[in-house]
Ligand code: IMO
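Starting off, we have a lone chain in the form predicted on its own, written out as structure tokens.
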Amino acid sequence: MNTVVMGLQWGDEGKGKAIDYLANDYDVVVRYQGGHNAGHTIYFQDKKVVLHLLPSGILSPHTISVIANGVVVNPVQLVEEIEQIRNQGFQPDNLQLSSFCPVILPVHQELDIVFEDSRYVKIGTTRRGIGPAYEDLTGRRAIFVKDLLDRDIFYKKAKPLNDYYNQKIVSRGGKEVSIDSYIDTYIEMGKKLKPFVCNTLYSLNSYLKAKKRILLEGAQGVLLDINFGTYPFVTSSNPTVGGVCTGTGLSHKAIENVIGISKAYTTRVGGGPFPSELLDDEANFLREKGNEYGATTGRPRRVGWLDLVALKYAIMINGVDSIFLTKLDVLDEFDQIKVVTAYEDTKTGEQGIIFDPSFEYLENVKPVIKTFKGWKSNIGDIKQFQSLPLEARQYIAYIEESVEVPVNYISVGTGRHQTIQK
């Protein structure tokens, strides 16, 4: 069965661990969108591995790992990441890189910084050039991975683009980026990446025809989707299920199962509305227990209780079949555990369960809270669902009842083995 794994919140749900856990049952693992603004942390054989561009199946030696055309690629970052996992004892021999992945240039990164600093409302981007690279794709001026393989073609495409953006950067007080400062490096990265480059549209469809099992991996969370997220505090691509088809070249018929990843609570990085956000000592405790600091940026994450209104919205627009619940163990020491069951309009006092992603709406609601008794015990070594404390099972049952989707996987620790499958 071909499966899509996606985050159902604002990212950082634990997709890396979930995909690493599931990958052994699949022949192919595919990244279909995002860039190196993603950070997937995996603990494997007592090693901590942080992946930004490489699919999370890269640590499984018998799995083909594919970076599909929907991913924007910084070639320097990708080469560094390949070398990093080699140094940790893993071999990325089964990696495929789409020749049609748009390339992030150094001038994109400088442009990202300048635009973020000049916004009337700060979005909280990672300033890594992701947005400008996607803008070039939709503006029909993108440079692709295949262009790195020919210096003349790369220069012919990159030089006018670089000059055009430098005018904008300098006019806004930014630092000019000369193409001569990076062209040699990028062509060298092209040589190192060449063994992995292919037309993944055809390879993926050939795997589909051969009935290989395909696992499709999103980067950021559903609530950051450019079309359905909390705009403008969103990413520049489609982590939602529709991004699978545009980001890989597989048809909708290839999608047979959708697993949504959700923390047992909620986090967010950067700006934007967050109805269940905690701002007191409870927030600090939850942040430290969950080690809620960005794998990519190191920024402390904003934390809050599980928001069932937002979760139901994410499940609805993606046709989610089951939930992989992560970081349940982070709640081990809480006397009380809370969930958001509805929103109350602060102007009218009306309550509802509609998730309107607009900033104007979410900034004017307050959460309606339901409180559960905590289990106050360490669950990290538990292997069976029925062995979980009664309070933990009741909490999970309430989530299932509320969102009308089963919780089939429960993470109780960082290790691959610390996963309960119902």
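Every value quoted in this text rests on a predicted model; they were computed, and no experiment measured them. Position 1 is the first residue in the sequence shown; the rest follow in order.
As for the form predicted in complex with this ligand, it is not shown, yet the points below apply to it.
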Subject >> Answer option from Met189, Val114, Val269, Ile315, heavy atom within 4.5 Å of this ligand in the predicted bound form >> reply: Val269
Original post:
Considering Lys168, Arg141, Arg287, Arg299, which brings a non-hydrogen atom within 4.5 Å of this ligand in the predicted bound form?
Top reply: Arg299
**OP:** Verify the flagged residues Asn37, Thr126 and Ala219 against this ligand in the predicted bound form: is each one within 4.5 Å by a non-hydrogen atom?
**Re:** yes
Original post:
Which one, 178-186, 99-107, 207-215, 230-238, holds residues whose non-hydrogen atoms are within 4.5 Å of this ligand in the predicted bound form?
Top reply: 230-238
Original post:
Hey, in the predicted bound form, is Ile130 touching this ligand, heavy atoms inside 4.5 Å?
Top reply: yes
**OP:** Decide whether Leu311 counts as a contact residue for this ligand in the predicted bound form under a heavy atom distance cut-off of 4.5 Å.
**Re:** no
Original post:
Hey, in the predicted bound form, does Leu224 get a heavy atom within 4.5 angstroms of this ligand?
Top reply: yes
**OP:** Using the partner position in the predicted bound form, report whether Asp12 sits within 4.5 Å of this ligand, counting heavy atoms only.
**Re:** yes
